[in-house]
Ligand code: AMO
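Below you'll find only one chain, the form predicted alone, shown as structure tokens.
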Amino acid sequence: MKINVNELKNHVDEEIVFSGFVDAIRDKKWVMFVILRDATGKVQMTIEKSEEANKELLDIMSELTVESTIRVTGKVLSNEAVKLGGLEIIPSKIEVTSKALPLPFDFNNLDGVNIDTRMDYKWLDMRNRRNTLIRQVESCMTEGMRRYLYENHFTEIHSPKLIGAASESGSDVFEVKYFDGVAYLAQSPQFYKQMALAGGLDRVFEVGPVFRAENSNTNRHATEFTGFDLEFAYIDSYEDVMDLEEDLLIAGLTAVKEKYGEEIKEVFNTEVVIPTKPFPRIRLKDLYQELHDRYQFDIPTEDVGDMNAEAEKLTFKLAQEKYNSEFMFVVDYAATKRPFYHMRDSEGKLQGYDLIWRGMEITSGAQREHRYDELVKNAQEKGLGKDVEFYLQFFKYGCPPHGGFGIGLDRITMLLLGLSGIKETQFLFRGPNRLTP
């Protein structure tokens, strides 16, 4: 099993085998220093030139380029003079496992390197410690939220991404050839989460790809992203859904802060803030009034009943100034602006919410409509027909009251680390003009 850099302190005075990238070679008069790197950090390898036994090792390293990979057999020694963790490896054997060609750009200095060039060579871009950390933070956040759901009796499901009808609105879907017919890439696992509840599972979640055929080139949109979706039954109102989301986000952020908080502060110059419950909540019409009174902002006519990007930014400002919070729940959206499966009360008021964090919407959640007759009526109002026939079947034979939400993992990672856009955040970005690598 490979020994990582962060484990070397447990092997002082032992002979080990270490594998990694050649990060730098410093060829001095009497000694050669080689900096080796893996995903957990860097370590110094020291080769003394005065020792005859090292001639073969020096010959190997003299011919080698940086970013090549090697396997080293050697002894781990403690040395206070070494800046990299006070440890060094004294090699007895070096094996070259791959030799690198000259790099197209210096991934350690990305200033001035075009984002599209970086995406063309994503595997090199990731070698920058900053970009490796993005992946590790997103993974840690996901693990923390997953753990919370498992501890609270959720079952993880895996729904199909190839579906036979254009889901939800019937628009913004990718059509693909499917043998002699047509299939579509799923916009979300929404319908299948609800089917699982109709099937008797009380609490379900899924982490998986989501596809949106939106020709959008903003800093927050992608045609494929990773969704963290959940649904749970026997709720009393959408307040239960908001309450669970608070706990979920606190669990995920706590996991990140404990493992990477200091490194995030050092690399991204941002603090991981653990929120306290309850997050502030405000009705949409009251929010409009606050934004008008405080910031002289009025929602454009076409967005009345909903939010836009500028309103989201100002909502964050309001949450900080009035509530000392990074989060804000906004409720009482217009039913015309929301999917047909969101529940409405007896007065027609939508039983759902948006969650704004650091100036951007990260969640649209709701209590779902579980009554068959009401669902049919709502679908007809939206002009939906055959596209949702299969979905409506789930509710004919009884289904408990339920609700849920979805979070875009790439978006919350972007906001957590203060990144400029989703292109920088995603492992491999997919947009209207990007299908490779």
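Note that the structure is predicted; figures quoted are calculated from it, not measured. We number the residues from 1 along the sequence you see.
Separately, the form predicted in complex with the named molecule exists; it is not shown, and the next lines address it.
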* To do: Determine whether any heavy atom of residue 105 comes within 4.5 Å of a heavy atom of the named molecule in the predicted bound form, and answer yes or no.
  => no
* Is residue 351 close enough to the named molecule in the predicted bound form to count, meaning some heavy atom within 4.5 Å? -> no
* Distance check, residue 222 to the named molecule in the predicted bound form, heavy atom within 4.5 Å -> yes
* Partner contact for residue 212 in the predicted bound form: the named molecule, 4.5 angstroms, heavy atom -> yes
* Answer with one of 143, 239, 310, 361: the residue that has a non-hydrogen atom within 4.5 Å of the named molecule in the predicted bound form. => 361
* Asked: Thinking of the named molecule in the predicted bound form, which stretch from 379 to 387, 404 to 412, 58 to 66, 25 to 33 has heavy atoms inside 4.5 Å of it?
  -> 404 to 412
